[in-house]
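As structure tokens, one chain now follows by itself in the form predicted alone.
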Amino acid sequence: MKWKRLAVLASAAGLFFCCGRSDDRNTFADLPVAYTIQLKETVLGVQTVADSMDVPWEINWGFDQRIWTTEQGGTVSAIDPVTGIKKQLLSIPDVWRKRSTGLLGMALHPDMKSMPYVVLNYTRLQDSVPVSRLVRYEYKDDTLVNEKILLEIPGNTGHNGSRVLISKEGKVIWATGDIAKGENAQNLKSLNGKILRLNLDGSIPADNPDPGSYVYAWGFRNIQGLAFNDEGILYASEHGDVTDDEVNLIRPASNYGWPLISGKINTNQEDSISRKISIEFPLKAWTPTIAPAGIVYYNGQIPEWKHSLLLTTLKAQSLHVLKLSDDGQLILSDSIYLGSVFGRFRAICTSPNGDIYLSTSNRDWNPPNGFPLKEDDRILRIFPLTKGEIKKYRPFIVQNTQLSIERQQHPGQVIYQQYCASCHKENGKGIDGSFPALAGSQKVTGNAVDLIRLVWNGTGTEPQMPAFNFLQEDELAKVLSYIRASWGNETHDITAGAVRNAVKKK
């Protein structure tokens, strides 16, 4: 039965409250509050401080009280969040953009006054082959000059990473992806699927785990977020395959498992591997996946969120607040806010006064249903409302709201939403050149045994599809039946017995 998906406002309650924004402003008070979040005691407001952007892939709070941002097409800008004035600092002409490539991570030196360095990562083509380049610029006269190449490694159209940090000690931390070749992550001779540590001149630090190697830690699929806490503990958020997105606490000279183990131990094979190889397991893993992106440590003015990791997500279109133990070694709770209100979130930063800034990612290669909106992409500000503002917006503050789905669903639709819709889309049309359409597909409507085996085993060719053999036989039967009955396919159902027979007979 066809039905229109309702927004679910879980964990945080709020109400979308639309009104126009002014581009001629002198204070944050000139901006409308577009959304509210009721916590236990604090009420938060959400404002748009910048819009109409070209996928702001990274945002940093600058020493100059501006938000520094990379846009995927190849520009670096600084935005005054109060006035909205945007100043372009750099345009890189040879940035190559396809799918998740382009101008990606950025880090500002912690002491920009004495060490005015900015480190960027971008993808370029070299002899028609993608490479991932790490570069250092100097900030001078409100522009970036004197490019210095620190390192180049192989790239791809996906799984490039790539977040960058500069530690208090002045070391560059670079998270790289496995470029869709899982074997890279365990190969210590490859710099893909790693966390690398460099000096600011591109040399290898003498105190690296191996003084002859940039590799600081390994065994990663596609890291999308990096953050230090106040004590210098390093955390990373990472995309899993079809299961087990992760947040990890990063230790030097440690193996994080990919592709040998995803998440924590779930199978006998993974248990056997863990007995032979020392593996660091995640602080938290998510199945179904949420596509974690930017991450930041928060200890600011919002009391309910102090001493937490704030994690943005793409697929789940939400902000996760991950409460940490006192020593920062454990995640105690996971609270979810802003679900499906503003679309995909890519990056996050905080200001010294504890305001939080998020960037949306709705004009990238994989927009969610209903996006982009004309205002996209945006940078949003989250901040505590004053008593006067709470009184003003009281009619729009809703506590503990959860809208229910009132119409009947196909039994396989929830499974499809969890595992398939982010690629093949809710309408089954996929993404041209990346994920094939399921609507009208002969592979979907044809021989049931071939379809079962294809989905059960996955594919090793591009576009690559992971194996779904972690699902129960009845779960796979339900989701395949939903696909075969949707978007005009109108083909007969698949039973759990059919799945069992197809898998055993292969």
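Throughout, we count residues from 1 along the sequence that is shown. The term rigid core refers to the maximal set of C-alpha atoms that superpose within 1.5 Å between the two forms. As the structure is a prediction and not an experimental result, all values here were calculated from the model.
Only in words, not in the display: the form predicted together with a small molecule, which the text now covers.
At the 4.5 Å threshold, heavy atoms of residue 420 reach the small molecule in the predicted complex. Remark: residue 449 does not count among the residues lining the small molecule in the predicted complex, judged by a heavy atom distance of 4.5 Å or less.
Although the partner is absent here, residue 38 sits far enough away that none of its heavy atoms falls within 4.5 Å of the small molecule in the predicted complex. For residue 466, a non-hydrogen atom is located within 4.5 Å of the small molecule in the predicted complex, even though that partner is not displayed. Contact annotation: the small molecule lies within 4.5 Å of heavy atoms from the stretch 430-438 in the predicted complex, the single such stretch among 430-438, 347-355, 173-181, 104-112.
For a residue to qualify, one of its non-hydrogen atoms must sit within 4.5 Å of the small molecule in the predicted complex; all three of 424, 480 and 483 qualify. Here is the short version: of 33, 53, 455, 67, the single residue with a heavy atom within 4.5 Å of the small molecule in the predicted complex is 455. The single contact residue among 46, 49, 444, 43, judged by any heavy atom lying within 4.5 Å of the small molecule in the predicted complex, is 444. Annotation: Cα of residue 434 displaced by at least 2 Å between the shown form and the other one, core superposition. If you fit the rigid core between the shown form and the other one, you'll see the Cα of residue 41 move by less than 2 angstroms.
With the core superposed, residue 478 shows a C-alpha displacement of at least 2 Å between the shown form and the other one. Cα of residue 56 to Cα of residue 418: at least 3 Å longer in the predicted complex than in the shown structure. A shift of at least 3 angstroms brings the Cα atoms of residue 282 and residue 420 nearer to each other in the predicted complex than in the displayed structure.
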